[in-house]
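As structure tokens, one chain now follows by itself in the form predicted on its own.
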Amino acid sequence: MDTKELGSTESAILNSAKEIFERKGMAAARMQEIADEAGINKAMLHYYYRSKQLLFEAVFKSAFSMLAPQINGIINAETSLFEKIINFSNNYVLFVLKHPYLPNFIIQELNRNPDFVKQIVAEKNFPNISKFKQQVDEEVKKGVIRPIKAEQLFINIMSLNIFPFIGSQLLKGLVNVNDEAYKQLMEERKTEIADFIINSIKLK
């Protein structure tokens, strides 16, 4: 098997695993299902990934490696604080609509495998909010926004963006909408979140 074929097979495995994990979750997913979805036998799947946990981690890292640079790029860009909030919400919602399994992956791993989470946090491309914190402090001093800790503001941004995806099944019931209507609500949140946060902190 040449290098190109190896890469193609691994890509098929990761894409298939992503689909299975998204539909069934980590616990209910089976390696045989993933092999079938990828069009390979189980022995070949184990050649690439010896366990479901390793495959899960590979899928997680693959998705997170796409998201982390975007977050880093936005919070460290030479833009205003309000532009950062707008861009963060827009990019995050767009990303999760394409990768809806990722928020639940993160929560699941936080609770189940803290050592793996530590590995992710230690990676060099993990988002760094130092510049964001400095910018928030400066905007507070200039009287542009009300006094607020940068950490609290960042947590607010993350929470308002993440929870609607993690709690989607509950929220669909509470607001009484179907999947399609809820997806439209999520599309609208690209601007709703930013408007809500900015209006809650700005003074001028």
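A residue's number is simply how far along the shown sequence it sits, counting from 1. Between two forms, the rigid core is the largest collection of C-alphas that superpose within 1.5 Å. Quantities reported herein were computed from a predicted structural model and do not represent experimental measurements.
Although it is not shown, the form predicted together with the DNA is what the next lines describe.
With the partner removed from view, the residue among 153, 29, 63, 140 that has a non-hydrogen atom within 4.5 Å of the DNA in the predicted bound form turns out to be 29.
Contact with the DNA in the predicted bound form, defined as a heavy atom within 4.5 Å, holds for exactly one of 169, 51, 159, 178, namely 51. Heavy atoms within 4.5 Å of the DNA in the predicted bound form belong, among the stretches 143-151, 161-169, 64-72, 51-59, to residues of 51-59. Residue 9 belongs to the set of residues with a heavy atom inside 4.5 Å of the DNA in the predicted bound form. Taking the partner from elsewhere, residue 43 is found to have a heavy atom lying within 4.5 Å of the DNA in the predicted bound form.
Taking the rigid core as fixed, one finds a CA shift for residue 169 smaller than 2 Å between this form and the one not shown.
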